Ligand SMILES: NC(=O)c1ccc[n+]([C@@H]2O[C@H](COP(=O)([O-])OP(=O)(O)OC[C@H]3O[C@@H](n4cnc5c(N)ncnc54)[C@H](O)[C@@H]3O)[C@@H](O)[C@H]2O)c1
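Only one chain is included here, represented as structure tokens and corresponding to the form predicted alone.
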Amino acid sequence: MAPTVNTPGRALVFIGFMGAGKSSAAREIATVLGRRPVDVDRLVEQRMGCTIEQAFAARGEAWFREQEERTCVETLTAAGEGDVISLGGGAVQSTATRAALARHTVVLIDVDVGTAWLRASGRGRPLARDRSAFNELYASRESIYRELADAIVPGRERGTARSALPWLRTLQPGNRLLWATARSGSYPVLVGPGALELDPWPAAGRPFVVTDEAVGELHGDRLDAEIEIAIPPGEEYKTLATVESIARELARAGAAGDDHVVALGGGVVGDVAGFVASSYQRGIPVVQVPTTLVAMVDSAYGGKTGVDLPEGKNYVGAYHQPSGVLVDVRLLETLPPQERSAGCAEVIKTALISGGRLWERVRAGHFDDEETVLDCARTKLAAVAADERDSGRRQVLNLGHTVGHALETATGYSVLRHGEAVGLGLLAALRLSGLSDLRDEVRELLVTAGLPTRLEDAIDVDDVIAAQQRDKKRRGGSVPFVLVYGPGDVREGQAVDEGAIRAAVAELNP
């Protein structure tokens, strides 16, 4: 696909909290583009004839904000295609500035509050002197940044914005970009109605689409593929035999090491196609195009691929980060209601991990709109960026999955959808966490989403415990649990007594 340029008149404008690295990112991008970056903080200081710190001390914050707003509006009104601008952290509080941002491509340089404090405190910033007030200010601005952002780029490491530049330059109104980072690679995540037309395409060579028979019939013509390989739908086909079948079809079609796989489908297709890509000719790229809610909010990101064995779920697999993830939530319109409901369990799980805005949205019943999908993806990508190989923080994403996977294994992968099992696993985890009130609230959310809160047929608790003990996360003779201490406070590596696990599982029987 030929590269395009910004919509006429759209500048790249960097926003974010103090210490995020907005000015640095703007300088990097401007250097690549051969332009001179515009730092609005410096323009404001020129207008005032003093530093920001001096302005706060002499005339107060309100006067400074007036000068900042005038400078922002003038700069943004005059800006056009190819301009690169960085705003001060508090500039977005102005209604007039937010209105002036509307015709530009707004890039949020995103950092956690701890990193921001380390970078900003002790550097003459008047609003970075008291940690408690700093934290409150961060929380008050976070939702504004997210609402304005057309793109979100992590700010923990320098140079990330430069990697994202090809997609920042071509980002079209109505679509939003998340830049995913991991130790082994980074990639674009595009969410919006133009996702499947991402330009530039995130992988080189010829695309070989892997899908399932139902999805292929519905959406296969949305992609320009060399060939389409369709597998039967369902978890029971997430096997090594299916992997061999796909790999042999790729070989017969002449797929080479400089080609790539496109995974068009739900979690099963994404896991299987990703594993094929990780191993075919010792590894070729994969582009994930999720078509189910489970995949859009969870499984398409982070590079975990694999298949099941009779002995355990996802027992054979590899880490293989995608080259891109393309999310068009309109594809959910063709999803059967039961599958859409199943995805809500992963949404509730992610909201419990995230807390804050996402938890409040899900509590209000927003399970599958674009904002919720975007926030779920952002939450997962942050965990993966911190811990790609599941040795620490990423394990919180297993909330509800230890018992959930055991239920799937014990029932032969043919009774429960993955999301249904995860929902039941969440109830077990909340019982083990000792949070009865939160468990009741999650139970009601599951009911609202159309998910079961008990098994339809009784299951032998011993079978579930045996499957749980074979969990691939088992270390040192035991399987650690992820427990909840409150929305936004979820902790991995927690030891749980087997008797308590038995009681929590037994409670799921009818």
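These numbers come from a predicted model, not from an experiment. One rule holds for the numbers: they count along the sequence shown, beginning at 1.
Just so you know, the form predicted in complex with the ligand exists too; it's not on screen, but the next bit is about it.
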- Using a 4.5 Å heavy atom cut-off, are E235, K238 and E346 all in contact with the ligand in the predicted complex? yes
- Query: At the 4.5 Å heavy atom threshold, is V294 in contact with the ligand in the predicted complex?
  - Reply: yes
- May I ask you to check whether S143 falls inside a 4.5 Å heavy atom distance of the ligand in the predicted complex? no
- Query: Closest heavy atom of A428 to the ligand in the predicted complex, within 4.5 Å or not?
  - Reply: no
- Message: Against the ligand in the predicted complex, would T334 count as a contact residue? Criterion: heavy atoms within 4.5 Å.
- Response: yes
- Item | Listed residue that, although the ligand is not shown, lies within 4.5 Å of it in the predicted complex (heavy atoms), from E388, D150, D212, D83 | D212
- Task: Identify, from the list R361, H260, K313, H320, the residue with a heavy atom within 4.5 Å of the ligand in the predicted complex.
- Result: K313
- Message: Looking at 365-373, 216-224, 162-170, 198-206, which stretch has residues with any non-hydrogen atom within 4.5 Å of the ligand in the predicted complex?
- Response: 216-224
- Note on the structure: Those residues of 351-384 with a non-hydrogen atom no more than 4.5 Å from the ligand in the predicted complex are K380
